[in-house]
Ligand SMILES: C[S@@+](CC[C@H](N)C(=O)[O-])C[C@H]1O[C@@H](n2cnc3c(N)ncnc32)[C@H](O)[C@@H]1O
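Consider the single chain below, provided in C-alpha cells and representing the form predicted on its own.
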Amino acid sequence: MSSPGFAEIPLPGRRATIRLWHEDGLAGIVRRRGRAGFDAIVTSPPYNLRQPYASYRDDLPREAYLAWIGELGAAADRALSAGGSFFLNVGSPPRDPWLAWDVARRIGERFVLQNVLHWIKSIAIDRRHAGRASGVARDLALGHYRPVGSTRYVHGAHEYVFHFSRTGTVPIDRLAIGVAYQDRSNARRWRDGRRGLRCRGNTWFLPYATIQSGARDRPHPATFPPTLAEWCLRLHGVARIHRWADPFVGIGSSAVAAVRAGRTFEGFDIDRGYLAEARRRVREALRAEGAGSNGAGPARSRAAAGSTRGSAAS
C-alpha cells in the first residue's frame, strides 16, 4: 500500500481538519488515537451479506466474521477516550434477524450497551393515527426500502445504531436532536419543556434521498445518510467532541457530517476509489456550508437528511 495519507482538508473558520487515510481502519484508529483518544467513534462495518465492495470480500464464515468484529471492538477499546461514545450502525437481513445482535454482543464484551437506536428508513403512517394537529390529510408512505421477494418475510425498513460506552453512564444531550411538542400544552408537564422540545426517543426516521443514478450519485453498495452520523455526534454532545473517527469511512458520509459539526475527523478506508469520492463529497459539503453561511465558514449543524449510509466504506 502506498502512503496512508490520502487527504487533509481544513475547515475554514474552525480549528478543525478532516483527514482521510488509505489504510486499514482498525489499525488506523489505534495508531492515530492521540494522547487522549477519540471522543466519539461513529461507524458501520460490513454486514457480511456478500455486498460487492471494491476492495473487500463480504462473505466470511460466520465465526470468522464475528471474530473480526471482536477485533473492531478491541481497536475501539484502545482508541476511544474515557468518556467517549461508540456508535455502531448494523442491520440484519430478514432471513438472519440475529446478525445485528450477534455483532452487538461481541462488541459488548468490551463495552456497555447504553442505548439502542432504530434508524427508520421507511414508514407508513395512517391518517387516523397521525392526530388532527398534524395536518396530515391522507395516509402516508415515506422513505425508501429494498423490496424482499418472499412469502415469509416483510420488507426490512430499519437498522440498528448501538450506542456503546465504557460505563453506560456517559451524559448525552437529548434535546440537541429534540423535536417540538405537537401539542404545546404538553411542554408545561415536563422539566425539559421550557425549550419547547422533547426527546426524539430511540426511533430516528432518516430516509435516503431519491437519486437518479446509483453509479454516479451513490457509488457504494451500502451507505448511510450523513445526518445519521451527525445526530450521533449531537446526541453525545458536539461541545464535548474534540476529535472523532470512522474506521470504515467509504465514500464519506461521516466526513460530510464532520463538515456540518465542525470537528476534527479521521476517516479510514482500504479503497482509494471510495476515498476519492469521500474527498469530493467533503469539498462539495464545504461549498454548501460556505454558501449557507455567506462564506463565514461551516454553518451551524443542520438536521436535513442526506443520501448515504457508512459501511466497509460508507
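For clarity, every value in this text was computed on a predicted model and none was experimentally measured. Throughout, we count residues from 1 along the sequence that is shown.
Unshown form predicted in complex with the ligand; subsequent notes refer to it.
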Only one of 59-67, 282-290, 251-259, 33-41 has heavy atoms within 4.5 Å of the ligand in the predicted bound form; I'd like to know which. 251-259
Is there a heavy atom of Thr223 lying 4.5 Å or less from a heavy atom of the ligand in the predicted bound form? yes
In the predicted bound form, Ala276 touching the ligand (heavy atom, 4.5 Å): no
In the predicted bound form: members of 36-50 within 4.5 Å of the ligand, any heavy atom: Ser44, Pro45, Pro46
